[in-house]
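The chain that follows stands alone, in the form predicted on its own, written as structure tokens.
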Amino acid sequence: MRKKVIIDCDPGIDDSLALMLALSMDELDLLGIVVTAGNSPVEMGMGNAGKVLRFMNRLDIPVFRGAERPLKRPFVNALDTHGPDGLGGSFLPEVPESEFVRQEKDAVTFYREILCGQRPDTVSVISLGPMTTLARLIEQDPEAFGKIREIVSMGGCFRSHGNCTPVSEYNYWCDPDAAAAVYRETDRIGKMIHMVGLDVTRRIVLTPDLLTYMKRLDPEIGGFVEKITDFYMEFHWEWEHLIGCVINDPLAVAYFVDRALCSGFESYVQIETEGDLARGQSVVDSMDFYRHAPNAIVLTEVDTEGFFRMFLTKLLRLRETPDLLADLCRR
């Protein structure tokens, strides 16, 4: 049975790759895309979602406008990382309004209608950006939020260093109050968030060799991926001396479909909201100091080759995984 899912994102280069992967998976029934302010402002993010949907020939998927700013903090985008258009400076043509399924209703209304209209516990959320829209849903209709089957969140870090401060990952740093609210509410109703944080996503590196291989196997899709990731690769080289780019968000989608790709442990997690030093830090009680029931599954190990096997096979619509993949993942 296909898994019903809503993707809440902030496209964004790696968000766009995650959407491409999700749209290539027969295992998923993508009910809609919610765009929340994060990597890019909402209007830009909605346009970028439309560009991905057009390329994937899936303009039938509805796109909803989420929160345009964090709950309490000033909004700080990540266009320095994702390029002036949020897609690596590719400046792909905009999708005409007549083709784009932008919804007039806001994202919170969409969440409420879809969660209350389906059988309880049948719709999951993959959160790839700040959790502001989900936090707004909690404020307006906690009962509807409680009907979410699972939340898989690309965010946070445990033992890994942060990517926008020494201790914080961007999605939780951008709106720490929203992330804290979602973790608190999940704890209150006795559910757990799957935290796909930097401990595992840092090991998902799209290298030039892998990209060249993708272009050989499918010039059209590989060329599109190259167009939107070239800036991202330059950024990673400048700031981390990494040959390639970390594509965080596709791992959350892959893990949602195949739990064998990552492993970790259950723990109680809180998100720091005060001050600038530790803003957005995901504080993981790994030693059970508080003796509190866990509210998260913190992922710490990942099968990198297994991920790229899925990523390439699904995205490029291959019948079987190419033999060279294992060697390319080791480089």
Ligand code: RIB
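The first residue of the sequence shown is number 1, and the count goes up from there. From a predicted model like this one, the values you see are computed outputs, not experimental measurements.
What follows is about the form predicted together with this ligand, which we do not show.
Comment: this ligand is not present in this chain, but in the model of the complex one of 200, 128, 253, 137 has a heavy atom within 4.5 Å of it, namely 128. Here is the short version: of 224, 183, 145, 170, the single residue with a heavy atom within 4.5 Å of this ligand in the model of the complex is 170. Exactly one of the stretches 213-221, 102-110, 83-91, 242-250 approaches this ligand in the model of the complex with heavy atoms within 4.5 Å, and it is 242-250.
This ligand in the model of the complex comes within 4.5 Å of no heavy atom belonging to residue 229. Contact annotation for residue 48: none of its heavy atoms lies within 4.5 Å of this ligand in the model of the complex. A residue is said to contact a partner when one of its heavy atoms sits within 4.5 Å of a partner heavy atom; residue 282 fails this definition for this ligand in the model of the complex, lying far away. When contacts are judged by a 4.5 Å heavy atom cut-off, residue 154 counts as touching this ligand in the model of the complex. Residues from 25-49 that approach this ligand in the model of the complex with a non-hydrogen atom within 4.5 Å are limited to 39.
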